[in-house]
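Presented as C-alpha cells, the chain that follows is alone, the form predicted alone.
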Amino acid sequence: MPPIKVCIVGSGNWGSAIAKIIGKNIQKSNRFDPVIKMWVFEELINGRKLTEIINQEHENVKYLPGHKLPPNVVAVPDPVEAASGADILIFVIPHQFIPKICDQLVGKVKSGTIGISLIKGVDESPEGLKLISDIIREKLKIEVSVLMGANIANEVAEEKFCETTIGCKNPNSGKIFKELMQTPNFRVSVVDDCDTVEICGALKNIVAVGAGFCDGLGFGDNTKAAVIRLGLMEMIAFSKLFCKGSVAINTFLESCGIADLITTCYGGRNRKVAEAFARGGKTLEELEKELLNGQKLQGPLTSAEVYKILKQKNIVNKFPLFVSVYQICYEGKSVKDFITCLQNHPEHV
C-alpha cells in the first residue's frame, strides 16, 4: 500500500496544535507519508510571510507561539496545492469560512479521499440546520467524520492529558484517524453518533457565552453550574429535534459532550470575551480584535444561526438560554437580563 498522504486545512491555534500531534505521530509510523502539508492563510508578521516563518522556524508565531511544530509539517499558502494528492483532509478553520474553501477545492480532491472536521459550528440554510460536515460532504463528495472534545488548543500543545471524541460511521476510517491522532496524553474515543458529536461541539459555545456573562456580572460557581446544566438540557433537546439519525444520550457523556461543555464554560475564548462584554464598555467585535489575537469568536455567530432555525420552527420559547444569548449579542437586550432567563427556565416549571 502506498503511504497515506495527510493535509491539514487550517493553521490557527487548534490547527497548529493538532499539526504538532499528527506530525510527531507520523514520524513514528510507516503507514503515512512523512510530509504533512498544512494550508496557512498567508499573513505578514513583522514584514515576513507567516508560511516562511513556519517553514524556517517551525513555529506558528501568531496562533501558537512558544510551541515548535515538527519539521515534517510544511506550510502551504494555497489550499488547492496543499490538498493536492491528499488521502486525508483535516478541516480546522472557523466555520464561516468553510463554504469558500470547499468551493476552491471542488474537483481538485483525489478520488477516495476521506475528511474529518474539527470545526465547531453550524450553518443555517432555507431547509434549516446544516452541519459543517454536511457542507464538506456535499461540496467535495467525500466521506467526512468529525472530532470534538474538551480540547483547549494550548493545553493540547503543552501535552497536558485530555480526551477527545471522533464521530465516524466507517470503522476502518475510525481506526486510521485514531492511529493518526492518539497519543498517551490525547486519548481518542470513536463513536458512530456523528451528528450528535458535531452538534455538541457547536452548541457548547453558546452556553459558554452565557457562562461568561455570569462571570462578568459577578455571579458565582453555583450560577455557572446552573448555566452548564440548563445549557446541556437545551443541547440535548436541540439534538433530538434536529439530528437526522437517532440520538444516543451516552454521546453527551463523551468528551464531546459534558466534558467539552465544562471546559469551555471555565476556559475558552467565548467565555473570556463574554465576561469582558458583560463588564461593559466595548462591543463584541472590539473585544474579539482586542482579546483573541486574530482568532474568531464562534458562540455569538452560532447563537444567531440557531435562533433563525428555532424561529423558523416556532419553538423559540423552548430554548430560553440559547435565545437570550442571541438577543444580548445582537438585539441590544441587557446582559443583566440573562439571569431572568435562568430563573424562568421551563426546566423549573
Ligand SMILES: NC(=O)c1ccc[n+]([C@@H]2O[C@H](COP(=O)([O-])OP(=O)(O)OC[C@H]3O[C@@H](n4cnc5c(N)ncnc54)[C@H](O)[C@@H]3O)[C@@H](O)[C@H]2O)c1
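For every residue, the number given is its place in the sequence shown, counted from 1. What you see is a predicted model, and the numbers here were worked out from it, not measured in a lab.
Keep in mind the form predicted together with the named molecule is missing from the figure; the text below concerns it.
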Counting ligand atoms of the named molecule within 2.4 Å of any backbone or C-beta atom, after superposition from its pose in the predicted bound form, shows the site to be open
Although the partner isn't part of this model, could you tell me whether residue 324 comes within 4.5 Å of the named molecule in the predicted bound form, counting any heavy atom of the residue? no
Checklist entry - Would residue 39 count as a contact of the named molecule in the predicted bound form, using a 4.5 angstroms cut-off between non-hydrogen atoms? => result yes
Closest heavy atom of residue 14 to the named molecule in the predicted bound form, within 4.5 Å or not? yes
How about residue 303: is it within 4.5 Å of the named molecule in the predicted bound form, going by heavy atoms?
no
Students should find that, of 48, 296, 318, 311, the residue having a non-hydrogen atom no more than 4.5 angstroms from the named molecule in the predicted bound form is 296
None of 168, 199, 118, 227 but one has a heavy atom within 4.5 Å of the named molecule in the predicted bound form; the exception is 118
Note: the named molecule not shown here; in the predicted bound form, the stretch from 123 to 131, 211 to 219, 72 to 80, 90 to 98 having heavy atoms within 4.5 Å of it is 90 to 98
When the named molecule is considered in the predicted bound form, the residues of 143 to 180 having a heavy atom within 4.5 Å of it are 151, 152, 153
